[in-house]
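The form predicted on its own is given below as one chain in structure tokens.
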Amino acid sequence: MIQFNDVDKEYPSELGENNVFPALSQVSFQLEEGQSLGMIGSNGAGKSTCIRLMMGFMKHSAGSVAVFGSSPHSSQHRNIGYLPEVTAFPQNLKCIELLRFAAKTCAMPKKEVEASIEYWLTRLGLWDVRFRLLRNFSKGMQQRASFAMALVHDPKLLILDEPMSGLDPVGRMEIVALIQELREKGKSILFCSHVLDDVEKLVDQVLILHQGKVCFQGSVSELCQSQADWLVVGQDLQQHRFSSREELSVYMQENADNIKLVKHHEDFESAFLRTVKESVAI
């Protein structure tokens, strides 16, 4: 569905100057059909640049980018559901008008449009406010409207940039459940999020970017098991880490009655932070 091969992207550093800022350097990854991929990294890691490239909003400096097997172009957008990080709705547009516009731009058959709009606005809790101007929506309601716009034409590929942004805890839980449902239906999903708990729940593969380079691509279990430390949690919930089996064995013999849990891998957040730190040290 999505293929990046040794992709570079450079931006001019200052207007009128010849030197450039490398936003991406030799970035390679792929999203297979029916797979979910979580793209994570600190601010400025290159996530939004990758999304702009795969959506065809800009051109790469080197390498190749393919979506559905060819270079990104506007005619492919009818097969993509895109949720941007920041919404920018026309001020005079009503919610239902937004979805009708989205359906038309994706060449959706007219007989399917109204039924799909009703389904997604109902599913996302917006049916009763469908005639309200979008400028009067709260941030969470605007996020739900953006999600409905991304789904109304039943796309094969979903590209979601911070899909839980602006949502309250209940809304976030509902969107997580919806993404899980779409994943089970075989949709191909790429999304960026700073909420690592959501990424861990929703992805088959995780891609870590830092300073425009790929630090890791693989499953969450592969990421967490790549560091062979033992974590021992005591009955008092204090945690102790051991890098060697010998040290672990001695501690367990001396504290057998106080051990509650032993783990042989990191949690997802710790593995992410370690991977980023290791990439900086190289």
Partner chain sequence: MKQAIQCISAVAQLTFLDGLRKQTLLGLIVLALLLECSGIFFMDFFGHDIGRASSDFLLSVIWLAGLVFLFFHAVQTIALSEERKSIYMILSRPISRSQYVLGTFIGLASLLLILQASLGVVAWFSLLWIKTQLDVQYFAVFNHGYFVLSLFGLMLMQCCVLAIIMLFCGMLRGSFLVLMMSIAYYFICSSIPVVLEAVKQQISSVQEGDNFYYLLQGLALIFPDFSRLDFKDAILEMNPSLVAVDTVSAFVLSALYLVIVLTCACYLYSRRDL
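Residue numbers count along the first chain shown, from 1. The structure displayed is predicted, hence computed values, not measured ones.
Below: the form predicted in complex with its partner chain, not depicted.
Shown alone, this chain has one stretch from 196-204, 176-184, 130-138, 116-124 that lies within 4.5 Å of its partner chain in the model of the complex by heavy atoms: 130-138.
Between its partner chain and the residues A102, I208, I189, L167, the one pair within 4.5 Å by heavy atoms in the model of the complex involves A102. Interface residue among G218, G56, G44, G63, judged by heavy atoms within 4.5 Å of its partner chain in the model of the complex: G56. Though the partner is left out of this view, K213 does not reach within 4.5 Å of its partner chain in the model of the complex, counting heavy atoms only. Using a 4.5 angstroms limit between non-hydrogen atoms, L160 is distant from its partner chain in the model of the complex. The closest non-hydrogen atom of K94 lies within 4.5 Å of its partner chain in the model of the complex. Of the heavy atoms in R78, some are within 4.5 Å of its partner chain in the model of the complex.
Proximity to its partner chain in the model of the complex holds for none of Q35, M39 and F68, with the criterion being a heavy atom within 4.5 Å. Scanning 31-53 for heavy atoms within 4.5 Å of its partner chain in the model of the complex gives just one residue, R52.
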